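Next up: a single chain in structure tokens, the form predicted on its own.
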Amino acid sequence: MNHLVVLPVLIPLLAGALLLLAGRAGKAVERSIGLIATAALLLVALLLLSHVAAGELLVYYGGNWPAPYGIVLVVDRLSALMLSLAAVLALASLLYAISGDDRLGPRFHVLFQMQLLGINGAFLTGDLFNLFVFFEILLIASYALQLHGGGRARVRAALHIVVLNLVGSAIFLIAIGAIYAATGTLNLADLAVKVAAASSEQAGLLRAGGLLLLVVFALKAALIPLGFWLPPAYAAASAPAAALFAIMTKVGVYAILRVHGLVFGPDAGEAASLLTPWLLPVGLLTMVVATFGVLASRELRRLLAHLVVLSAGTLILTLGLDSEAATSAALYYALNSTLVGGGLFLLADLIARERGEAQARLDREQAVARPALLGTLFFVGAVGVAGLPPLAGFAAKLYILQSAFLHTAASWVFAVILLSGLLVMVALSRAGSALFWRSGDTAVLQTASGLLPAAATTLLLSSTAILMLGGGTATAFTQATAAQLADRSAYIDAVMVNTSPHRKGGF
């Protein structure tokens, strides 16, 4: 048994516990622990990525209990890719936070590690109940991170998130109960087998449970009509928290992809392709509403929050095309949109710091102290997120359009993606003009931030160029990942293999 699999869960758990014990040792100690733990997470994620690159699945049986009775953690290409994405985003966010944002409230580093624990666990878990558990861990941490720094807007947004997600958690438990009542199991591999063989009497309960899961995951992914909570929340959050939150919607999308493909896929008998008819229309609606939100925004952070919703809608639309090519395109798009989105939240905070009372409002009241640097970063981020050449956003959207070419709804997909891209480009051009072109008062410029925040921001925003330069390698991996996801039997066989009670390993 490969113990490397459990480290993405153990590292933030142990780091969080150590941070609690070292709470009075000073901010320098807390920062050191947080940075070491997050850097170790990135190293482990990359090692896992290299282990599974050839197609091997790594399975870890908690307590050495064989599936489906015990806790199972599974690493395949998809989960390793998402772990690596989360680790890169987390490291850059933490580097930005230690420049001073972590002093805005207590226990920032503990909460940051608990957030990573929930995110990593959601990507690794092999059963529905533990997916619920890890969802709750990341949500509880996100509530507190949302409040980090205080303020009326953050409190109001946090209250909305708490209420909505409490309802979502209740629905999640009802869905789990319905599926367990029909099959007697919650292990995803075991569910895939039992749902495919379910009788017509069980099918109604399974459909109800599966559709309730879609509602829960759609809430986490901020899909319309369940995603109106996200823009005010992300716009109000502190910069490092908002940057890390950029991957939270992707956790919801990941859950849809994993459960839909494995449990309710085309081979699921009476419940076959249960979610497919919903994904494309929901994705289209989400993109349309989010695009109008981007156009209507008068504050940069609010605009970026709507872009997060737009990216989630694009991903769901692409998954709704229901092909390996579309899944591959969605994964490549997720890499670019998550990293660039996180970088833009950090950049918005840098701009706000240098504009004094004008903050990040899209007006010409105040210039920035470093227009060349921040303007260049904004230009790179805008090109990357709008999908213009020559950066990875363009390649990702072109990849999506290619995968939609033969679909019956191709005309809708082309129209919405292209028109949305045009309107986003208009909105970002207007924002850049307001912030950097012919700005108003330049007499009282605010002090420029240090090098570390700018470096962390540059790290994330430069990823769109790196993904374009390494596009061949990246798309080869996403294509292999999509092919592996389509092969349900390989996942089932890897998890459900008989395990001896005397087998070494486990925890």
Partner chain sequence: MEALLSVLIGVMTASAVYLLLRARIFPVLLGLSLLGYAVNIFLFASGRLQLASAPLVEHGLAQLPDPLPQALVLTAIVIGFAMTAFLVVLALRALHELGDDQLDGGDKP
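Residue numbers count along the first chain shown, from 1. Just so it is clear, the structure is predicted and the values come from calculations on it, not from any experiment.
The same protein also has a form predicted in complex with its partner chain, omitted here; what follows describes it.
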Original post:
Taking heavy atoms and a 4.5 Å cut-off, does His160 contact its partner chain in the predicted bound form?
Top reply: yes
Original post:
Using 4.5 Å between non-hydrogen atoms, is Ala144 touching its partner chain in the predicted bound form?
Top reply: yes
**OP:** Spell out, yes or no, whether the shortest heavy atom distance between Arg103 and its partner chain in the predicted bound form is within 4.5 Å.
**Re:** no
**OP:** Check whether Phe129 has any heavy atom within 4.5 Å of a heavy atom of its partner chain in the predicted bound form, and answer yes or no.
**Re:** yes
Subject >> its partner chain in the predicted bound form: contacted by all of Leu14, Leu18 and Gly63, heavy atom 4.5 Å >> reply: no
Subject >> Contact residue in the predicted bound form, chosen from Val193, Leu388, Ile140, Leu95 - any heavy atom within 4.5 Å of its partner chain >> reply: Ile140
Original post:
From the list Ala325, Val133, Leu423, Leu401, which entry has a heavy atom within 4.5 Å of its partner chain in the predicted bound form?
Top reply: Val133
**OP:** Just one of 404-412, 173-181, 82-90, 375-383 has residues with a heavy atom within 4.5 Å of its partner chain in the predicted bound form, so point it out.
**Re:** 173-181
Original post:
Looking at its partner chain in the predicted bound form, which residues in 148-169 have at least one heavy atom within 4.5 Å of it?
Top reply: Gly150, Gly151, Arg152, Val155, Arg156, Ala158, Leu159, His160, Val162, Val163, Leu166, Val167
